[in-house]
Ligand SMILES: NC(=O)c1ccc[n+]([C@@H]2O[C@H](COP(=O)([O-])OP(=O)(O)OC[C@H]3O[C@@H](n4cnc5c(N)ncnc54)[C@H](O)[C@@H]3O)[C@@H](O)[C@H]2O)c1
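Here you get one chain, nothing else, as structure tokens; it is the form predicted on its own.
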Amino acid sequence: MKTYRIAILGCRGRGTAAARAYHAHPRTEIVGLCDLIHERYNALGKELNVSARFTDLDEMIRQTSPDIVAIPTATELHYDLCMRVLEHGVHIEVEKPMCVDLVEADAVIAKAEDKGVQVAVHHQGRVGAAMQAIANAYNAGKIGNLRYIYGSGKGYYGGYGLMNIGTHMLNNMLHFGRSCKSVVAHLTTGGKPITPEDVVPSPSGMGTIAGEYITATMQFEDNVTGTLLQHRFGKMDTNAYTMELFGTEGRLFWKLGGAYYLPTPHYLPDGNNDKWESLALIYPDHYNPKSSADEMDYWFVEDYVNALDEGRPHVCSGDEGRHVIEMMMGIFESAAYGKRVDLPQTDRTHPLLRWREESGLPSPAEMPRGYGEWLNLEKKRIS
């Protein structure tokens, strides 16, 4: 069976994680590393025994002829790098969020279709061992018909949390809701509904955002509804990053590294906490837990290999990644204009920038890229 050739574009944290997964998988071979900082690609190249190291991505692609180029770079670089790599006619996987708005996402998908190649977005939680267990139980009918999906972030500032970790949660919700038909959202900053003055640039280069606290309701297929909370906490809490599926006959609960089943649709808090049953996590047969590869990243690679073998899109396809951006832009648009937003949107421009421009305001002033410094400045503005 074919061994797929992989090139890594960007050797920081997420690039290192992706490279370790591709290195560990028996049917992928890393043929090139690219980064502008020599120390980064040298360290990763030494760890994974990859000698082909570049500072020019076009030269890397020409010399190594990869099947897939991984683009785990800063978000503001995704669009330009995706378009540049796709010009070579190779499959790509790009770190989430795919792009910062729908205009960019549409262009990336169109370019991939023109070149006849795949786009996958690195929503690794959707294919990880815990989600595999949840999906297996769901497909077996353990909770009956799905009624409602609940998802929460980790406590980042709402708009930033939406563009950052919210992309994962929305993609997880799509796994079961299949597609989102409409969105209604309420966003507040400083305890009041957002105004055009509350539209700000996101930290970490994730586009334009608004809302310290986000509560969004989604309408999925077959009368399934969902709620997404992206509320700022005083201190970030990874344990809050959860998803729950409510069915007619039971419930399923997902968290990082855990999957649980409740064999009744209604849980009474009577102190008997052992009613939730742990589900056995599901790993690929050839995954070695002693390797440096994270199991979710490894599962992502496994699905890409299988997708290319079978001629189908990755579970975390570019179309799914774009649909996530439609949902996020719908959330911003609903709060800005005070209405339900049907998806997909006709106007693909960023709704917050459109709202601000219609209010006679210029583009938001620049803010620090680092989240801590950004948050301190934003808290001063709010107060």
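None of these values were measured; they are calculated from a predicted model. The first residue of the sequence shown is number 1, and the count goes up from there.
Unshown form predicted together with this ligand; subsequent notes refer to it.
Stretch 92 to 100 is the contacting one of 129 to 137, 92 to 100, 231 to 239, 142 to 150, since its residues have non-hydrogen atoms within 4.5 Å of this ligand in the model of the complex. Put simply, of 333, 35, 320, 326 only one has a heavy atom within 4.5 Å of this ligand in the model of the complex, and it is 35.
Between the options 170, 206, 245, 85, the residue in contact with this ligand in the model of the complex by a heavy atom within 4.5 angstroms is 206. In the model of the complex, residue 11 approaches this ligand with a heavy atom inside 4.5 Å. Contact annotation: residue 124 falls within 4.5 Å of this ligand in the model of the complex, judged by heavy atom distances. Within this chain, residue 40 lines the site of this ligand in the model of the complex, having a heavy atom no more than 4.5 Å away. With a 4.5 Å cutoff on heavy atoms, residue 364 does not count as touching this ligand in the model of the complex; it lies far away. Counting a residue when any of its non-hydrogen atoms is within 4.5 Å of this ligand in the model of the complex, there are no hits in 227 to 255.
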